[in-house]
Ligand SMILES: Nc1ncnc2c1ncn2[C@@H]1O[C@H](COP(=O)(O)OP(=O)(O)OP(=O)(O)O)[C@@H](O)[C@H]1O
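Just one chain follows, in the form predicted on its own, and it is written as structure tokens.
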């Protein structure tokens, strides 16, 4: 990478090329006339792509190239985007415009940027058909009736796995990257496993050294595009994530724009990508979230019954001493994810069992007050993390405040004396959060699994 480039002053972000051979996808990007940034995705033991799926594979690979580019585009956020393969049809351009705008909204907020009106993927003129566009519904590929279930190491994906196992569906636990904790969780499921590797372009780290913009990207969107390619390559007719309905709730509003840390886990993104796969890749390739009808509290209630996973799961994003023998090796006890999972599980587990999982009582530690206040949206906004809504955190805390075994813990007692008096008790019931919503995109073949969750 040339040391003369100033990432924040670049004028054009270019999608240079993408290719695939022997299970390795190469995705190339560049700023202005600079050196190529080449990312590689490795699909292990990938079979040859059947001729009948070649067109679908090309479409999925092209989308992966476009979606994964978000990791690089954000380094400079230049005002122009160029595509070596030419302009996109409206549906593809709209998917990408929405993804880059909303998926980078937190990044923009934290860096004091406004990306509205800046992101515009080139589109073909009206009435002109883009290359690779079907113009309607893509043909069905007669994909094998089996499911890719992404594993993240936390409670949600494990609830989804067990729900799918309960109906006898053929499924594979899949993850991207080399996390030992995720691998241990995947092994514990008893399902076949698929571990895909993503290697970021080394030049990205050099751009960071040269002053690139940095921050949160919609990584679930990238992983979703990777799994769409995997579904075509290996032969799966569904990709079932474990994104709950609170993922659609914004973290905050900034200058008239909703900022959602979890936008690529939202129903809005799920709908955009699911529809796009039906029209551009395969009519019989479904992309959904199995947990979409459920709140975080409903999911933690379901997870509380899955005792075989208690000693391997972790939702903590900060603790990297993974696979150690003690809870402290899997839970830092300080971050918003630790706070929320502890609070959400507390109404549904015996107190000693919960303390054994975490190795400590987070609600009896006064130094954690600010973290729990943010979850409750008390004097702060919801954290930029994958946590539930403020209202369901308040419902969980209220439930604990009514139970003798929790009432004397420092932060529960503080909630009762300082915060509860400012709330409407009628809005704090736990039960409404346990009811599923009818709004989801789960295909008919998997809908029986919903009964195992509720």
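It should be emphasised that the depicted structure is a prediction, and the values quoted were computed from it without experimental measurement. Residue numbers count along the first chain shown, from 1.
Form predicted in complex with the ligand: not shown, discussed below.
J.: Hey, in the model of the complex, is residue 182 touching the ligand, heavy atoms inside 4.5 Å?
T.: Residue 182: contacts the ligand in the model of the complex.
J.: Would you check, heavy atoms only and a 4.5 Å threshold, whether residue 150 touches the ligand in the model of the complex?
T.: Residue-level check for residue 150: yes, a contact with the ligand.
J.: Do residue 92 and the ligand share at least one heavy atom pair within 4.5 Å in the model of the complex?
T.: Residue 92: no, not in contact with the ligand in the model of the complex.
J.: Indicate whether residue 339 is a 4.5 Å heavy atom neighbour of the ligand in the model of the complex.
T.: Taking the distances in the model of the complex, the answer for residue 339 is no, it never comes within 4.5 Å of the ligand.
J.: For the chain shown here without its partner, which stretch in 113-121, 78-86, 153-161, 275-283 has non-hydrogen atoms within 4.5 angstroms of the ligand in the model of the complex?
T.: Answer to the contact question: 153-161.
J.: Using a 4.5 Å heavy atom cut-off, which residue among 186, 228, 242, 346 comes into contact with the ligand in the model of the complex?
T.: Of the listed residues, the single hit is 242.
J.: Name the single residue among 108, 174, 259, 374 that comes within 4.5 Å of the ligand in the model of the complex, judging by heavy atoms.
T.: Selected option: 174.
J.: Candidate spot 223, 315 and 386, all three in 4.5 Å heavy atom range of the ligand in the model of the complex?
T.: Yes.
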